[in-house]
Structure formats: C-alpha cells, structure tokens
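One chain comes next, on its own, written as structure tokens: the form predicted on its own.
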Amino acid sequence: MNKKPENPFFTTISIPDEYFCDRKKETLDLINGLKNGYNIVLKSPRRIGKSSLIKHVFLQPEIAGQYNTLYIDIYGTKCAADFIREFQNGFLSASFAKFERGRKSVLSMLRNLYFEVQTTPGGELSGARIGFDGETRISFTLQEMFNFLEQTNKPNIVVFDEFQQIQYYPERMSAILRSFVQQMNNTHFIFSGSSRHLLSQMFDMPNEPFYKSAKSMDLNIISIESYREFCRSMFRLYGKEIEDTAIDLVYHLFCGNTYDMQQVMKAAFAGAVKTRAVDVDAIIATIQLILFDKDKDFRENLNRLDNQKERRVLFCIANEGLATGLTSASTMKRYGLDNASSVQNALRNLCGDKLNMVAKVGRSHYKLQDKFFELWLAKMNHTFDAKVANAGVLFEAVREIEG
C-alpha cells in the first residue's frame, strides 16, 4: 500500500499487510497446508478475523500470482440454489473471469438458471427469484464449475466461508459437494465457519460425507500482548499515544472480538490528539459516542420483540453478560420471568434465524451476539458502569466456557 491511510485501523475484510495485526503463525500454517495439497477446515467464533486472515493469506507472495483465488461467503444462503448463485458470483468477480474463456464458461453456467416472476393475485409484480430444477440440475451446474477449475492453467484456492450453512439446506448438499471435491486435483479448498460444533460434526463424524477430508485448524482470539503492541505501533506511526490500560479495557470488554475492537480503536484514533495519550476515560467516551450513533438501529432491534417475555429474557442475558440457569427460581424472580416454559420459548426465538440476537455458548450459557447491543441495553438499564468495571472478570468467564 503506497499511500498512508488517514486511519490505520481497518474494519473491512481486506486489510493491507502493513495494517494487519499479527497472525504470523496462522498465516504460515495456512500457506504450508495449501502448498502441501491439503484442504483445510478453519474454525473460529464470528468476528475475530477469520475472513481477514484468509484475505491476508491471499496477498502473500507464496499465494498471490501462484494461485487463482475464490472467496465465497454462504452465510446468508438457505438452499442449494442460493449456494450456486454465490459460487457463480465468485467466478464473475475472480481475476480469470476477465478473460474470454472464463466469461464464456461462466455464461454457460448462468444459462442453467431459471428466472421466475412472482405476482400478487391482482396481477402486480411482488418479486422474483432464481433457481434450478431440482437435484439433477444442481449437480450438472456444479459439474460445469468444477470442470472449469480443473482446466485452469494455475491451481486454485476456493474458500467457502460459513460452510456449516449447508447443513441447513433441504437438499443433500454435503454429499453432492463431496462427490466433486474428492475428484479435484487442481483446486484446494478452505471450509471456514463460526460453528465449531457443526464443522467438527461434518468433518470428524464417520457417517458424514466430508469425514476426514480436510486438515483441521482452530483460530483463536489474538493475544492481548499482540493487540497491545499493534495498537501502540499504529498510534505511534502517526505521532499519537495510547495507554495500555485503555487497550486492555477494549480487549476485555469486547472479549477479543477483533471487528468490534477495531471499531472502537478506529474511532478513538480519529479523536486522539498528539499532545495527550488516549486513556481509559477517552475509550469510555468513545464507546458512548458509538452507542449514540447506533441508538436508532438498536431501538429498531428492540422493537422487533413484540413479546414482553422475550424482552425480559434479553435484558437478563444482556445484564449477566454470560447467562446460565435462566430457568432457576432465583433468576426468574430477579428478572421477572414468568416460568421455565416461557423462558425456553423466548430463548428459541432469540437464538433462531429470524431474530438471531442471542448465541448459545457451551451447553448451557447464553450471550448476546452483538456486544455493542449488550452495552446499549446496559446503558438503558443504568448498568453500563458496572459492565466496564467487571470487563476483565466477564472476559475470563467467557474464555473458560468457550475454551
């Protein structure tokens, strides 16, 4: 990167090497695995830098220029047709799609789609969808894409991010994909995802199609020492300073979640002056400003809950930070929860795809998916200061449960 950015804290997936935090060992492990012909299953919690690490690996000289690279995020997909659409989008955005041969191959694939216009009973246009005509057509289209990869001059690396999503498809997608992947010689795959449980089941259970088909790699949070050094060096690069206690608060408060930490650091850096180091008070003020900016969105999130029972359970989890024993008599009394059955129903809804506000941690613990949302609720409930004061204790509890 030739031009120095105004702010060195990136919150995008693609980060220039100079502004990428650590991950030296993980980068080397991925490169060595790929160059030695392994497919890799990369497991990590969400938002700790998994996708950025993959993009970082793509930029390294051992990979860049030596391989064609495709990155396909299937997090929002619900069925095989969605998967194939994202796969095709990956082809269209890839560098080799710029060449005539690539364009023709991709266009040939697209011809296998059908386009269906949807109308209301009154004849008005209500929407449209694309898809394929059943499993046979799905297999045929995938065959074209995988055949194309086998014929490229350079070898390929294909990443399927949030790969566990295929387990929710109505089609037998694991078996279909495995039948193609096992025949590939010119392409290596990274199957990455944020559900360690599902990915372990897919790749470690003997009755699963992908059993023992990829080398397992777990990605953990960046160490606090590495993040301290990174933040200090980025501030000093611009003639600014930040105190270690301020970095530690961000690290603990957001449990090592790289994306959230970068948001705070980006804002703190923007407000920093060269004559005064960023301290804990400045970090707290920065977080308060971020929460103010997110206020409208968070109010809309809360308004999605028209059930007071769900709201009470949500506030309970937000207040606890890492909640367990939600159906115990003491917890239900403390938070005004009705009964065990209503709590369990609320948890199913809060953890479900429609709301997706709460994540289950381990066997019996729950936490909010969005730490900023948790802090906003704490602010609404006048417990924000307590959250800040107990950040280190909660961090240790979360790390113990998550392993």
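Between two forms, the rigid core is defined as the largest C-alpha subset superposing within 1.5 Å. None of these values were measured; they are calculated from a predicted model. When you see a residue number, it is the position in the sequence shown, counting from 1.
The next section is about a form of this same protein that is not shown, the form predicted together with a small molecule.
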{"item": "Listed range touching the small molecule, judged in the predicted bound form by heavy atoms within 4.5 Å, from 142-150, 251-259, 277-285, 176-184", "value": "251-259"}
{"item": "In the predicted bound form, the residue from 13, 388, 380, 394 that sits within 4.5 Å of the small molecule by heavy atoms", "value": "13"}
{"item": "48, 368, 40, 57 - the one with a heavy atom within 4.5 Å of the small molecule in the predicted bound form", "value": "48"}
{"item": "Close approach of residue 224 to the small molecule in the predicted bound form, 4.5 Å, heavy atom", "value": "no"}
{"item": "Touches the small molecule in the predicted bound form: residue 384 (any heavy atom, 4.5 Å)", "value": "no"}
{"item": "Residue 162: touches the small molecule in the predicted bound form, heavy atom cutoff 4.5 angstroms", "value": "yes"}
{"item": "Contact flag, residue 69 vs the small molecule in the predicted bound form, heavy atom cut 4.5 Å", "value": "no"}
{"item": "Rigid core fit then residue 75 CA moved by 2 Å or more between this form and the one not shown", "value": "yes"}
{"item": "Threshold 2 Å Cα movement between this form and the one not shown at residue 196, rigid core reference", "value": "yes"}
